[in-house]
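Single chain ahead, by itself, as structure tokens, in the form predicted on its own.
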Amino acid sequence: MLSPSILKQLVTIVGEDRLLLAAEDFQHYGLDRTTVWQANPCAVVLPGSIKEVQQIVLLAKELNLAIVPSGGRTGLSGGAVAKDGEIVVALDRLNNIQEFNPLDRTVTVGAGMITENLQNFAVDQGLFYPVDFASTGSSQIGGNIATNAGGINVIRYGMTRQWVAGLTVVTGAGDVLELNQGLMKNNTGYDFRHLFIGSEGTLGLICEATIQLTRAPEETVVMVLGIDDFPAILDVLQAFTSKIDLTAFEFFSQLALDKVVAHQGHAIPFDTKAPFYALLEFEIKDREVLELAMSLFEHCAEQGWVLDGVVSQSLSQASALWKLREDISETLWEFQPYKNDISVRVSRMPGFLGEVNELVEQRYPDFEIVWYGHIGDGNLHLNILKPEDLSSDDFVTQCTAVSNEIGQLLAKYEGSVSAEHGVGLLKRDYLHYSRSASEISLMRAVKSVFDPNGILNPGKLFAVEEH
């Protein structure tokens, strides 16, 4: 518990109504989408300006109080979990559009802006914000930047990093930094902006961001293909990307489709069942592109890679096909999945896929395994569903043991233990599979520069060092 004196100082900064101390507020603001930990913050504050954020950080620094930054709390790695008596700084109120420049195609927004609201704003201006994923309706821009969020359009448009033209942050030392200021060219030494992107709130609190927008895409078409086996997914990917610029190449298993159809009421894409499905999206600039896509489909079918397929004939059908993929994550929450968010270079996926699949079949012969992901950029989501008769603790223990074996495979293939969800608490003990001891030491050194007292999101990314 915080002392009355500290609580009074927080009230002075944010106002009485913006200091939350109720148990239900702790539960709401103290957890993300992970279900492993219990919320246990000492207070929740909702600042309404960068100045208030700075004052909170300076107070926490003076009193050596830990801070957990909080956005939409849609993360899947425990990065926004407050379990050890921290102050949660929720940035929901910093949600306004500060400036829009149509010539630069940039918009400056508060970190608390909902991702979908930014997407809709871009549409209203005849432009496009391409970072898109299942939680756009509740995730916030600051959180997206702090985790370098990916999603379904990475194969064409890249990660969040590619769209951040400037940042305003408050460091753990209480300094306000304005980074890059929206410049397209700025060759003046270290670009600290990129340190804060993906830093998971361990270096500073992201308060504002200048976001680059782009032109709206042409009309797109969606294809869903039934794929004969795992390796054939990569054959289909290579066949299509050699001829067509795809905006998305997703995949999911038959079990994933079964779960979505049963729980969301969506229609199956076609009658033929397949072990796996690929969802492709591409722009139709002219009829020749569609004709080329159909010829590639026929080629893949002749090779035995594709068993069946469907191509969207309308915007509504395209949307319906996308829901088969986009609704998987939400559907699986009912089954308390243990999630692996992993990646390797696309060229190394065939061998990696085979070894991971063999490992999973050996270790989880009685578990339901749901595969899906953004395979066009090398990102796999491996979801292990908890059996009803197994306790949550025993389930996590079993899954954790196999996660180390998956980590060893990732090290062998020079992959990542976290492709797009961040490290947080969930992946920090596996970080050494993707980062060398020297890199981790340098990461700690960078944190000590921007957060000298170690008050920002302690224990995330890597464990707090004992002194």
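Numbers for residues come from their place in the sequence shown, where the first is 1. No experiment lies behind these values; they were computed from the predicted model shown.
Here the subject shifts to the form predicted together with (2R)-2-hydroxypentanedioic acid, a form of this protein not shown in this document.
Although the partner is absent here, Arg325 is a contact residue: one of its heavy atoms lies within 4.5 angstroms of (2R)-2-hydroxypentanedioic acid in the predicted complex.
Using a 4.5 angstroms threshold between heavy atoms, Lys339 counts as touching (2R)-2-hydroxypentanedioic acid in the predicted complex.
Mapping the unseen interface onto this chain, Phe282 falls outside it, with no heavy atom inside 4.5 Å of (2R)-2-hydroxypentanedioic acid in the predicted complex.
Not displayed here, (2R)-2-hydroxypentanedioic acid is kept clear of Lys427 by more than 4.5 Å at the level of heavy atoms in the predicted complex.
Checked against (2R)-2-hydroxypentanedioic acid in the predicted complex, the candidates Lys259, Arg193, Arg73, His381 yield a single residue with a heavy atom inside 4.5 Å, and that residue is His381. This chain is drawn without (2R)-2-hydroxypentanedioic acid; in the predicted complex, the residue among Phe352, Tyr157, Phe249, Tyr372 with a heavy atom within 4.5 Å of it is Tyr372. Residue heavy atoms within 4.5 Å of (2R)-2-hydroxypentanedioic acid in the predicted complex occur in exactly one stretch of 24 to 32, 418 to 426, 49 to 57, 398 to 406, and that stretch is 418 to 426. Using a 4.5 Å cut-off on any heavy atom, none of the residues of 13 to 38 reaches (2R)-2-hydroxypentanedioic acid in the predicted complex.
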